[in-house]
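Consider the single chain below, provided in structure tokens and representing the form predicted on its own.
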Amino acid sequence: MTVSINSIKKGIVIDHIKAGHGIKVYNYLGLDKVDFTVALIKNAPSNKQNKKDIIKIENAMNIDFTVLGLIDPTMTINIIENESIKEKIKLSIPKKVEDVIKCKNPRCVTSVEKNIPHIFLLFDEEKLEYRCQYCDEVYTFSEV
């Protein structure tokens, strides 16, 4: 059985999402709350990945690509206009993330001062470990 999803005229296609991670991206972007057309395609056949997830968004949206790189750096973002790709963006693991991970160390200055941003710097790329800029507390992205 084949499922057909039409191309979009203007919007964003998030492609090459690891199979099963599409729902994470969908939830992070809050796509369940929007009133325009969105398609989440799970387990689509892929020559490179065997299976992949794809999200098609029929609308312009501001997306934090840094966070998407944290969720899955293998994704590609295609910006669509007039049914063709206007721009293709490849993601990578961000070296710095701000206000995505919250430091849980009660002695950290971010726990005392409420207006200080939670800044984490990449410490170990393979394990996806980040270190708090202020107190050196280590977090892995899977803890988030």
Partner chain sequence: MLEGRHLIEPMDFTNEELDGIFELADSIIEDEKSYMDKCRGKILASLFYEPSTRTRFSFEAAMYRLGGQVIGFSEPSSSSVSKGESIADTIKTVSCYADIAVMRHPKEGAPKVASMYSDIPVINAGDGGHQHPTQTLTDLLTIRRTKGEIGNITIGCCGDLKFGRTVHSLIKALSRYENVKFVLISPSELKIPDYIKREVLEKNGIEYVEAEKLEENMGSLDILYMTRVQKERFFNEEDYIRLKDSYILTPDKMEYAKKDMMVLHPLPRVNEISPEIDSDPRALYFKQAKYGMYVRMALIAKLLGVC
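The term rigid core refers to the maximal set of C-alpha atoms that superpose within 1.5 Å between the two forms. Positions refer to the first chain, counted from 1. None of these values were measured; they are calculated from a predicted model.
The same protein has a further form, the form predicted in complex with the partner chain, not shown here; the description that follows concerns it.
Peer 1: Is residue 85 one of the residues lying within 4.5 Å of the partner chain in the predicted complex, judged by heavy atom distances?
Peer 2: Residue 85 lies outside the contact set for the partner chain.
Peer 1: Report yes if any heavy atom of residue 32 sits within 4.5 Å of a heavy atom of the partner chain in the predicted complex; otherwise report no.
Peer 2: Residue 32: no contact with the partner chain in the predicted complex.
Peer 1: Could you confirm whether residue 10 comes within 4.5 Å of the partner chain in the predicted complex, counting heavy atoms only?
Peer 2: No.
Peer 1: Answer for residue 55 alone: is it within 4.5 Å of the partner chain in the predicted complex, judged on heavy atom distances?
Peer 2: Because no heavy atom of residue 55 falls inside 4.5 Å of the partner chain in the predicted complex, the answer is no.
Peer 1: Within 4.5 angstroms, counting heavy atoms, which one of the listed stretches 72 to 80, 34 to 42, 115 to 123, 47 to 55 is next to the partner chain in the predicted complex?
Peer 2: Of the stretches listed, the one contacting the partner is 115 to 123.
Peer 1: Which of 19, 135, 128, 23 has a heavy atom within 4.5 Å of the partner chain in the predicted complex?
Peer 2: Exactly one listed residue reaches within 4.5 Å, namely 135.
Peer 1: May I ask you to list the residues of 94 to 115 that have any heavy atom within 4.5 angstroms of the partner chain in the predicted complex, in sequence order?
Peer 2: Those in contact are 105, 106, 107, 108, 109, 111, 112, 113, 115.
Peer 1: Does residue 132 count as moved between this form and the one not shown, where moved means a C-alpha shift of 2 angstroms or more after fitting the rigid core?
Peer 2: The answer is yes; the displacement is at least 2 Å.
Peer 1: Aligned on the rigid core, do the two forms place the Cα of residue 103 2 Å or more apart, comparing between this form and the one not shown?
Peer 2: After core superposition, the displacement of the residue 103 C-alpha between this form and the one not shown reaches the 2 Å mark, so yes.
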